[in-house]
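Okay, so here's just one chain, in structure tokens, the form predicted on its own.
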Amino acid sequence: MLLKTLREEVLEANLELVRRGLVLYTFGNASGIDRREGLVAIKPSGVPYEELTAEQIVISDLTGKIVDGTLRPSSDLATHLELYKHFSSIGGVAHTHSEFATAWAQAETPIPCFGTTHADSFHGPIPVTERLSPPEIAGDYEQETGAAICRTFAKLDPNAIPAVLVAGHAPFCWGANAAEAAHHAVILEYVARLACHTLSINTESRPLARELHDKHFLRKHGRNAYYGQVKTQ
């Protein structure tokens, strides 16, 4: 089986989205990339998660050509490919229609950082793309969705904010590998829910002070991070 380990990792990331309640029926997908081979492994389109196997994971090159697999890839493949081509440091992408994050996407409203839970994982508000134009929707819709995400990050660091809300659609997340992308999708849904609850309690809630936001993000990420244990070889 071509890219057996990557396929297994992508299968596990997809199943993690289900375990965490982020996927309804066949909504959503996760993928991973082998940068050396220039190949992407992604969930097949419309296959129920309870039936999904590693062998069914589809392998594509970066042009969208299917290299291995008998099933059609996720309809969002072109979006994933745009992210891999533009964000050179990422190794996995996860897309869901999770309830609260999708509600923010439908409202076309960035998710503010109201507290340290958000700051631990995202170094800024979760941004929203611009709406696609009618020609973009009528054309290569999935590729244009990826292009819209990349334009949104023209002045943002995708490693510091590994998530986006596609206007009127739903969230996409990414990470160093498929597992981390799924992890970010789970955290995104949690902070999206917290933000909704925060505003329901106090509609005038203010974003977290920048100093505290920086402190919480940088103690877990970057050169001087000190959260957790030192990894030994």
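Quick caveat, the model's predicted, so the values are computed rather than measured. Start at 1 with the first residue shown and count on from there.
The next section is about a form of this same protein that is not shown, the form predicted together with another copy of the chain.
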property	result
Another copy of the chain in the model of the complex reached by all of T116, T198 and L212, non-hydrogen atom within 4.5 Å	yes
Distance check, F100 to another copy of the chain in the model of the complex, heavy atom within 4.5 Å	yes
K65, heavy atom within 4.5 angstroms of another copy of the chain in the model of the complex	no
Proximity of S89 to another copy of the chain in the model of the complex, heavy atoms at 4.5 Å	no
Close approach of T152 to another copy of the chain in the model of the complex, 4.5 Å, heavy atom	no
Stretch 42-73 - residues with a heavy atom within 4.5 Å of another copy of the chain in the model of the complex	P44, S45, G46, V47, L71, R72
